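First, one chain by itself: the form predicted alone, in structure tokens.
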């Protein structure tokens, strides 16, 4: 009877949300399936070998993870990327492994290979595409490892085969991780040169890389959801990881957290400083869109090549520090059979890995932002902070770290430990300055007295916040992402324009459009900026009071709009405001949330969305404001 009642309530909540996405559900709706309580760690074949991968290379990397101690630190996924397949058998649709490069599959599949990895204490990952054809079949036409046979036999992607392929990969072959690319939904339009020259069956694109309005977001999300459901079906123990590789397209920013365990936020990284900035920026401003179980993915680590090789250790440490504090997956892309100690020391820095793997799951929030310097602060599960001082440029820069950046009390001592030098610095109060070398990142663990004595601001706890609805009606490209020189076309085009939707989404300690939080001239150093027509789900771990100061953002694009703020606890209305307009003084709102598991913050408005502020939004131990 209890199960029937619970099911009925869940269906009722789902129906209410479908009818009114701002209606409270009283539950956490972000993805909780899969095995990604912390960002996945391991190794991927692509950056080192592209499609020229083979069993010897992959098992060599696996053995190196074990021998170097990296596996014990958490690097446990060993992932094959593009290049493993031979063809799809037409008679029954079963994929065939290229046994010339994976000889252990000669008996019929990858099971001996995955058994080998499992016997080493590791996990096995595989690659596929959501379309009929894979990326290499469009962009690596000189590869020796392209699928062979008729047009139908060369259709090795999931399109039309989702259930069968996922069953094959996980139930039959024993894989634990899957990366699902999207080239097949994008790059096989009728009339494309490679479609004609290779005799592929064309597919009208569902994703338009340069035009979000021409992307079928609903269809793309639906296909990825089919994969997610199949993964749950063939992994009843939940021990799997689902990597969505839509490169920031199809507005994956908004729905990836409800479907997969990680989702790419940009196109591919390359071993160039400028390109690293580009991919990092695509993820660094989205802290409220990631939480335990689902992570922003600015692509794999490229430490060991180009601007991040053993001759550029400052840059390599910066790359690793940024991925760590942004809670990015840590997937090594290097031939580990020949790794020098200097690089192993970076991947193997246990203190930095611990920042990435902290169980709180709070992505670092940008506390100071400029083209020259960024200060990024992450709340750790024990209440301490990690802080990165990041020099983005080619000249030394002076960085002043303040107690306000850390949300620590300015009159109390603050202790810093340098996670690269291992030095414990002398305590300071108020602020401390550092000179950063070009491209240097100083990464510290910081301890001190919280500015909010009996609680924490929501912007300190992004991993406890799910942006169920952010009010964005028409996804806009984010102009704050570094525009790198294209590694594929150079300057042959008009330049790399903003391309990844996300502008106007929810922000921690900033307005949806990157301005300070401000209502009627009052600035808020802490809070959440979001559009009206929004609903936030907040996990409450024992706090007794929610409080905020709310109003319409002074930077709003729609100053004529009227909005109302609502606070719900486990689906019950706890507090609300009267209608507010631009220029109106900010209004306090609070509620007793004792015993409440999910607090929901809703802003309803009239007409087009307007930018609003949940200033100083916090959960605290005191039952009274």
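Numbering follows the first chain given and starts at 1. As the structure is a computational prediction, the values presented were derived from the model and not from experiment.
Not on display, but discussed next: the form predicted together with a small molecule.
In the model of the complex, the small molecule stays beyond 4.5 Å of every heavy atom belonging to residue 568. Looking at residue 500, you'd find every heavy atom of it more than 4.5 angstroms from the small molecule in the model of the complex. Using a 4.5 angstroms threshold between heavy atoms, residue 407 stays clear of the small molecule in the model of the complex. Though the partner is left out of this view, residue 127 does reach within 4.5 Å of the small molecule in the model of the complex, counting heavy atoms only.
When you look in the model of the complex, the only residue of 181, 509, 553, 315 with a non-hydrogen atom within 4.5 Å of the small molecule is 181.
245 is the sole member of 387, 245, 355, 367 with a non-hydrogen atom within 4.5 Å of the small molecule in the model of the complex. Across the options 282-290, 264-272, 347-355, 195-203, residues that bring heavy atoms within 4.5 Å of the small molecule in the model of the complex belong to 264-272.
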